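In the form predicted on its own, a lone chain appears below as structure tokens.
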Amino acid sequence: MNNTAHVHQLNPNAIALCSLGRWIASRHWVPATGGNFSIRQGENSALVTASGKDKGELSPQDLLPVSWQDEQLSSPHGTPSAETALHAELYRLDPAIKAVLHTHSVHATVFSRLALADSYLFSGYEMQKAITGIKSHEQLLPLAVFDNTQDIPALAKQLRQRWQQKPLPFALLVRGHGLYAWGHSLEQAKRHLEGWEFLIHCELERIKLTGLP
């Protein structure tokens, strides 16, 4: 075991992120080694899941230290997930963000193909209050939707442009790809992820039953 892996095994943030990753995998939200998770370590650094790892079997040595300066990423100990640039952009946009969780659930992926506008408004659901800042089911809760692309730096740029107009309420959806959720703590990120997955599942079921968007 190298020194980096040993340090991560003793890192409580790494242990907590791996435990959460295994819980997310148990919900079948990250099949076939898909998805990626990260937790902030410093102002310009985070631990990020390595590429190609089964999220149901995560251990601290599967997390890679990544740092960034401006738009340059550095990871000296391996290959982080391809979407790491999007994680880094979120951390840059909001210094209070502590963790970012990216999933590929069936419901979110299918729903993303039906959401044709660049934002989808949720209303009328009590569970909207799971999202920080929402106090009532009567509030409109927007979910930003982006087109999928393999050019992650370009997607990060789109995110930055959208965020400068108005910060996103703790999630975004990429068409045909999946959901990103984040929080100012790991526990908050988990709640946001579970809340958004629930809301998306409800809307998808409503659309299936009524045929109405």
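Residues carry their position along the shown sequence, with the first being 1. Treat the numbers as computed from the prediction; the structure is a model and nothing was measured.
FYI, the form predicted in complex with a small molecule isn't displayed, but the following is about it.
> When the small molecule is placed as it is in the model of the complex, which of 60 to 68, 160 to 168, 183 to 191, 46 to 54 ends up with heavy atoms within 4.5 Å of it?
Replying inline: The contacting stretch is 46 to 54.
> Does the small molecule come within 4.5 Å of any heavy atom of Ala32 in the model of the complex?
Replying inline: Ala32: contacts the small molecule in the model of the complex.
> Looking at the partner-bound form in the model of the complex, is Ser38 within 4.5 Å of the small molecule by any heavy atom?
Replying inline: Because no heavy atom of Ser38 falls inside 4.5 Å of the small molecule in the model of the complex, the answer is no.
> Can Arg175 be called a contact residue for the small molecule in the model of the complex at 4.5 Å between heavy atoms?
Replying inline: Outside the cut-off, so no.
> Ala82: heavy atom within 4.5 Å of the small molecule in the model of the complex?
Replying inline: Ala82 belongs to the contact set for the small molecule.
> Which pick from Arg92, His104, Lys98, Lys129 sits with a heavy atom within 4.5 Å of the small molecule in the model of the complex?
Replying inline: In short, His104.
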